[in-house]
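As a starting point, one isolated chain is supplied in structure tokens, in the form predicted on its own.
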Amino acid sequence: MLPVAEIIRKKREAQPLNSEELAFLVKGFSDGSIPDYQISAWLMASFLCGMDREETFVLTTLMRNSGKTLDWRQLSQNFKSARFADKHSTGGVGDKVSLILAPLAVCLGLKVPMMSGRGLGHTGGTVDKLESIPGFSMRLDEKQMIRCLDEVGVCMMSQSSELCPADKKLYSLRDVTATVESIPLITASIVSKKWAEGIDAIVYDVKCGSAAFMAHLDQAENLSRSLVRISQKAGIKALACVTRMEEPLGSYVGNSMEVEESIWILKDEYPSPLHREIIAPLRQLCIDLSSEMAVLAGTRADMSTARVDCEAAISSGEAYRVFEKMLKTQGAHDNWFESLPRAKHQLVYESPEAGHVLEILSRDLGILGVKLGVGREKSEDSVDPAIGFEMLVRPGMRVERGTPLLKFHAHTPDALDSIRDALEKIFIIEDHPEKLRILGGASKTTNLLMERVHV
């Protein structure tokens, strides 16, 4: 085996590392025999020179095998003929898709063991949203997971320290060495966890746009292809859907608020026709992604049938019943909905001028939310589950001076004053309708699905 410095040099010279060299690095980093500064050098060399498909797959395999792996059919006789599927999103502002998608997928005949993360930076996290529900626990042991999947069809859990510990440690180092954006490293991190999860099929929701991790379509396509190829090489059926992430997804941005909005969609009951209009693209995206999961895993023959069955699950109340059963099985209190954390004040921000809403800068809104406690800058930061933003317009709408654009759900009656200037920069309003055609206007958010990548 080459010395560590020579392995780093080899990668620096853009030569692929073999499986023994990668295994040596991962094991040495995991047990502490190789110091962080040398692994940091390897990460930067990999970031700058790239990794080929075989290297990426080997790294994925090593991180998957660094901890416990789940094989549901071996764990319970009840799962012998079950189809296990999941969805993974690269993150977005107001992204509560998992809360709606998981019950719909169960209604389509799937078992959904969904491992989720906390929000970091301007994007929200499923764990933070669900942990705003009084009593709900995402820290499940193996027996609890089996029970949830058997009785409900879905369990939603936070990442266990037993699953892919090498990935967790490596991600922390990537975060402080400016190597997070490497597509091979992203791929190995994501796929290793999903592979360890024991699924048969996965749909990747790769966000693309100004508020996404991948701002440009070509970047999103490259990541999509990498995720699909490595997943398939691991024996997992995979599809990537590139979806728009420029405006907030839906009406609410805030942890307990997004739980409530998810219930609107699952029940198909909305506070107003305006809310229904703003939420419609998000609702359709949830149905589309659930349907993709079912077709990919083989519980539905085609997308048309799957979409019809999703609509039926919503209208009959079946989807909401699955959601509520999941919550109670994972410890939610009987009065969980009434006890959701809610801010005392709803402060209305009005349009300072007349014109068309050309854009709503979702990334800036997410960053503002982090400063206020909706999200977190560092992993150890806490979040405020009650506060958040309620969108009252979407791009393309005509507004007048004084038209409500947003409600800030806050704890104090004067909280809006400190963020008014920031909100004015987030809403781009101009009285030039021709710019709507250039930017795509309302059509940008009418159809969130941009393209499917199925290598």
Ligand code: URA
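Treat the numbers as computed from the prediction; the structure is a model and nothing was measured. Numbers follow the displayed sequence, beginning with 1.
What comes next is about the form predicted in complex with the named molecule, which does not appear here.
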Checklist entry - Of 339-347, 187-195, 264-272, 99-107, which is the one stretch near the named molecule in the predicted bound form, taking non-hydrogen atoms within 4.5 angstroms as near? => result 187-195
Item to check | Contact residue in the predicted bound form, from R283, R300, R174, R363 (heavy atom within 4.5 Å of the named molecule) | outcome: R174
Checklist outcome for this item: Heavy atom within 4.5 Å of the named molecule in the predicted bound form, from candidates F213, Y320, F136, F84, belongs to F213
